[in-house]
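Just the one chain here, the form predicted alone, laid out as structure tokens.
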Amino acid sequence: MSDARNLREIRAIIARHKLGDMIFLVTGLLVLMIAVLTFIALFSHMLIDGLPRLSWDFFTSFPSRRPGSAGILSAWVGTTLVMIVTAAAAVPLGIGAGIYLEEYAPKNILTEIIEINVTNLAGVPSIIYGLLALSLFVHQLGFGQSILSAGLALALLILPIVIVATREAIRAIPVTIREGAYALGATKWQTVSDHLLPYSAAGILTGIIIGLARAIGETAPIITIGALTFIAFLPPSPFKEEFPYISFEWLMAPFTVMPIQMFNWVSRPEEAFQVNAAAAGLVLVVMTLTMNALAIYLRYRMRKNLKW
């Protein structure tokens, strides 16, 4: 009798757990469907309104007070240059910090405080980074309301993401890889550069692209440091005809970006400007989805080639 009663209790516990799993599964599917359907509805509305407006002239024309001749040339050029500065500042610093915290930093209370703060910084509202950039880069360092200030502000924004992604990617490598390298006489840096970084490159690259995909759509930090809402000229070219053929004058140039241009058009009452905003939003969404798709593809290809 005791064995039969224990068996019934075990079966009841298993049944309750299965019911809980089923409830969690159904709830998760409903939440996912709501999120996906909401995105599809918004994207479809944007596609219907903005797709007819897309043309070569739309990409090669400056903003205008006449909605029919307005374009996003200065906006997408500014976005591209700002993202170049963001990547150049955040990627080396983030990867280096992640490697140090995971492989070199001593395990003490100071390191734990740094790790906790790095993790918490990923959830800080973006406007805080904009205020920090306004005080530090615009006023204290004298960079002004320039592409350099905007790129550094967004670099601060995604830096915790890159650091966390780097640490998690390195942490996922089996400990036997390290032990094998040390057993063959490799130094710490040889182990990191020849084994850990190549094997964790897929995860690190994914974190970098996801961070850049977030930065490309940020508005609050850019507005805070003083991005222009209407600009009808391009920054100086990064290239020049005479030696050394590279110019950095564009770093200190005024700028605008795609989210700011969309904000400018949405704030106008004319319906034609709303169509322009939908077209610019469609371009921005496609750019973001392309970056995320690239991250998924590169992660798949690089992980497929791992031999451990």
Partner chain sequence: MIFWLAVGRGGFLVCEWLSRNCNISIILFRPSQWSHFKVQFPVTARRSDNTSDSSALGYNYRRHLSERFIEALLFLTAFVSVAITLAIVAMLVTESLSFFEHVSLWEFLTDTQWTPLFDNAHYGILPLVSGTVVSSAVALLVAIPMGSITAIYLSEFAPFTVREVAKPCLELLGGVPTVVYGYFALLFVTPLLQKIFPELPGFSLLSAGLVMGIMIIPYVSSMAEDAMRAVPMHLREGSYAMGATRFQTAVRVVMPGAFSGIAAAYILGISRAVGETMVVAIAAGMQPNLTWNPMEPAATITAYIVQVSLGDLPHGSIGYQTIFAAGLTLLLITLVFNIIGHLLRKRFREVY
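In this text, the rigid core denotes the largest set of C-alpha atoms whose superposition between the two forms falls within 1.5 Å. Residue numbers count along the first chain shown, from 1. Since the model is a prediction, treat every value here as computed from it, not as a measurement.
There is also a form predicted together with its partner chain; it is not shown, and the following applies to it.
Non-hydrogen atom contact P259 with its partner chain in the model of the complex at 4.5 angstroms = Because a heavy atom of P259 falls inside 4.5 Å of its partner chain in the model of the complex, the answer is yes.
Its partner chain contact in the model of the complex: Y104, any heavy atom under 4.5 Å = Y104 belongs to the contact set for its partner chain.
query = Should P125 be counted as a contact of its partner chain in the model of the complex, where contact means heavy atoms within 4.5 Å?
reply = Yes.
query = Wondering, does N117 line up within 4.5 Å of its partner chain in the model of the complex on heavy atoms?
reply = Close contact exists here: in the model of the complex, N117 approaches its partner chain to within 4.5 Å, heavy atoms only.
task = Could you tell me which stretch in 185 to 193, 67 to 75, 80 to 88, 170 to 178 has residues with non-hydrogen atoms within 4.5 Å of its partner chain in the model of the complex?
result = Contact-bearing stretch, as computed: 185 to 193.
ask   = Can you name the residues of 270 to 296 that have a non-hydrogen atom within 4.5 angstroms of its partner chain in the model of the complex?
value = Contacts from 270 to 296: Q274, A277, A278, G281, L284, V285, T288, L289, N292, A293, I296.
request  = Establish whether a shift of 2 Å or more occurs at the C-alpha of M287 between this form and the one not shown, with the two forms superposed on the rigid core.
outcome  = After core superposition, the displacement of the M287 C-alpha between this form and the one not shown stays below 2 Å, so no.
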